[in-house]
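Here we start with a single chain on its own, the form predicted on its own, put down as structure tokens.
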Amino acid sequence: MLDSNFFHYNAATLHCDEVSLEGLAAIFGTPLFVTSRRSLTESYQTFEHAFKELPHFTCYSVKANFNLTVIRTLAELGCGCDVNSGGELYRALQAGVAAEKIIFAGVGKRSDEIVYALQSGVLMLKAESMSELRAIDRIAGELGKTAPVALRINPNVTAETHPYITTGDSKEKFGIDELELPRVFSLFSQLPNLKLVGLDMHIGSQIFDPQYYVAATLKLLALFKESKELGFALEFLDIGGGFPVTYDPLKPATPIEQFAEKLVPMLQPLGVKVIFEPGRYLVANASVLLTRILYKKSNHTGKQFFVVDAGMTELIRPALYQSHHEVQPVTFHEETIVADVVGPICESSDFFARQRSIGAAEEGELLAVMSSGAYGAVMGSNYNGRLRPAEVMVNGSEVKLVRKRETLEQLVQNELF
């Protein structure tokens, strides 16, 4: 998506805020992730304004983009964090997020991660099975603590999204089946080191229709009422994340205000704080991946290729989800050609676009893969011995290097002969 507010052409050159992407590539090289701080701020403020009538707490889902400066930027705006591992918890704490504003999720927490979360003093751990509840209780007892926990409920709502990013369906690994809740509630009488503080759900990602949230929330509300009748003093109801963003201009995302219109009246009367966990919504369109065209080629059928220096090791979403990302030449071209934009990795799935109409750039020019702020660098790898790219953040005319480019020495530093 070409965001006219934050990524725009100025004198035929693509800019982030007031900074030329051509200039950034000259200084920092490619591949390069470029993030607009102003975009992060606007996305957060838009989300908060939509739900302003509802007592709530927004926890940024760190898995979307765990760059320390991205986390800190959102934390400075008032955001908490949702983490899914000890490593994400460490990152959030290093970024300056207070432990009491962090919720610890994840379907497979190790014992050392549970210890780390409890010793750090996180707001809550979200439990996803009866076995996990028993483990948290045992560890809390050994530490002499009472563990605040929320139950992640699987509401058996199949949202209309890619099958790899649906998470509220009974076929998936996530959460405790709603039909198991009576057994789980009764288990708490045997677990003296736990305090049930909330119920939670997360039904998937890139969900365009608010009605899926309505259906799942109705189920959560029924379970909330049941828990109150059983004497549990719940403080939080966690609706999760999954709110959509626009990747393809032909498929614009449903505005967040339409979700708020449905959810606020349902949640307002409860008298508890509602937690939201947006990740992609806050960061996806805040970044682009800059890459340079190494070669142009064609085959005997006339099919055209741009071979670029970034690939699935930097942004795996097209290979993994067949997802759409707009690709824009950094230098504007009136003339277009139909081509595949492909990377250097030894996999046929290593592409950013197939048979896409794109500006007729030449070898050596730059392309910007748009909407690369979520599940880009964070899902990167060293496959093919690739070095992880640098990352910069732009704030108006200011530029800050927020991650150095990996070196060859770092590539092997943990290995032993």
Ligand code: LLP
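What you are looking at is a predicted structure, and each value in this text was computed from that prediction instead of being measured. Numbering starts at 1 and follows the sequence shown.
Just so it is clear, the following notes concern the form predicted in complex with this ligand, a form of the same protein that is not shown.
Remark: Ser205 counts among the residues lining this ligand in the model of the complex, judged by a heavy atom distance of 4.5 Å or less. The closest non-hydrogen atom of Gly241 lies within 4.5 Å of this ligand in the model of the complex. The shortest heavy atom separation between Thr58 and this ligand in the model of the complex exceeds 4.5 Å. This ligand is not drawn, but in the model of the complex it has a heavy atom within 4.5 Å of Tyr321. Of the listed positions (Arg37, Arg356, Arg388, Lys63), a single one reaches within 4.5 angstroms of this ligand by any non-hydrogen atom in the model of the complex, namely Lys63.
The partner is absent here; in the model of the complex, the one residue of Val392, Met379, Leu54, Ala50 having a heavy atom within 4.5 Å of this ligand is Met379. Note that among 227-235, 301-309, 276-284, 86-94, the stretch whose heavy atoms approach this ligand to within 4.5 Å in the model of the complex is 276-284. In the model of the complex, this ligand lies within 4.5 angstroms of a heavy atom of only one residue of 76-112, namely Asp82.
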